[in-house]
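A lone chain, given as structure tokens: the form predicted on its own.
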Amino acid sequence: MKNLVYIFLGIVFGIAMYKAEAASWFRIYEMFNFQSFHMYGFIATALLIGAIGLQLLKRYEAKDIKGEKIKVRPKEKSIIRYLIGGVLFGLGWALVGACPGPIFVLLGAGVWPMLIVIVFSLLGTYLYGIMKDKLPH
């Protein structure tokens, strides 16, 4: 039953992203050309909500589905990893016209070529999981 709640929330989130045009290639194109504040406002709002949510998790010692305390650990600081990851992420976003969240929204909206993007996103994530310990720190 708990999983149905998360599926419902995911669907609501996807509808909100679609209606807010966060999955629109044209909005993303405008953002990369600095022609519109729309996407920057959307991203800033997401960062603000995420920061508040993270602070609430820490303050109230939130628990996951299994009832275990959620551990919020600081990430290791590494310029090279963030630089390479950011460049790859940005190139993928620019080439596809969507970041990871909206690719599922676009698939739900019937943009079937996003299946290819999803498959290769999952493959890239899997390969990173295999190679992450071998990458430079």
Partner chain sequence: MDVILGPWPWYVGGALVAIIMLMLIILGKSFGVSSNFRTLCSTLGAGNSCDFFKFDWKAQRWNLLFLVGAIIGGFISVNYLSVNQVSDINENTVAQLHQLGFESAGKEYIPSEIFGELSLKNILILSIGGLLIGFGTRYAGGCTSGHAISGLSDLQLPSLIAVLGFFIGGLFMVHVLFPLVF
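These numbers come from a predicted model, not from an experiment. Each form is matched to the other, and the largest set of C-alpha atoms that superpose within 1.5 Å is called the rigid core. Residue numbers count along the first chain shown, from 1.
Quick note: we don't show the form predicted together with its partner chain, though the next part is all about it.
Would E61 count as a contact of its partner chain in the model of the complex, using a 4.5 angstroms cut-off between non-hydrogen atoms? Outside the cut-off, so no.
Enumerate the residues of 50-81 that have a non-hydrogen atom within 4.5 Å of its partner chain in the model of the complex, in sequence order, or give none. Going through 50-81 in order - heavy atoms within 4.5 Å of its partner chain in the model of the complex - the hits are G50, A51, G53, L54, Q55, L57, K58, D64, I65, K66, I70, V72, R73, P74, K75, E76, S78, I79, R81.
Can we say the CA of Q55 moves by at least 2 Å between the shown form and the other one when the core is superposed? After core superposition, the C-alpha of Q55 moves 2 Å or more between the shown form and the other one.
After superposition on the rigid core, does the Cα atom of I65 shift by at least 2 Å between the shown form and the other one? After core superposition, the C-alpha of I65 moves 2 Å or more between the shown form and the other one.
Would you say G124 moves its Cα by 2 Å or more between the shown form and the other one, aligning on the core? Yes, its C-alpha moves 2 Å or more.
Since the CA distance of V72 and I11 differs by 3 Å or more in the model of the complex, is it closer or farther than in the form displayed? It is closer: the C-alpha separation of V72 and I11 falls by at least 3 Å in the model of the complex.
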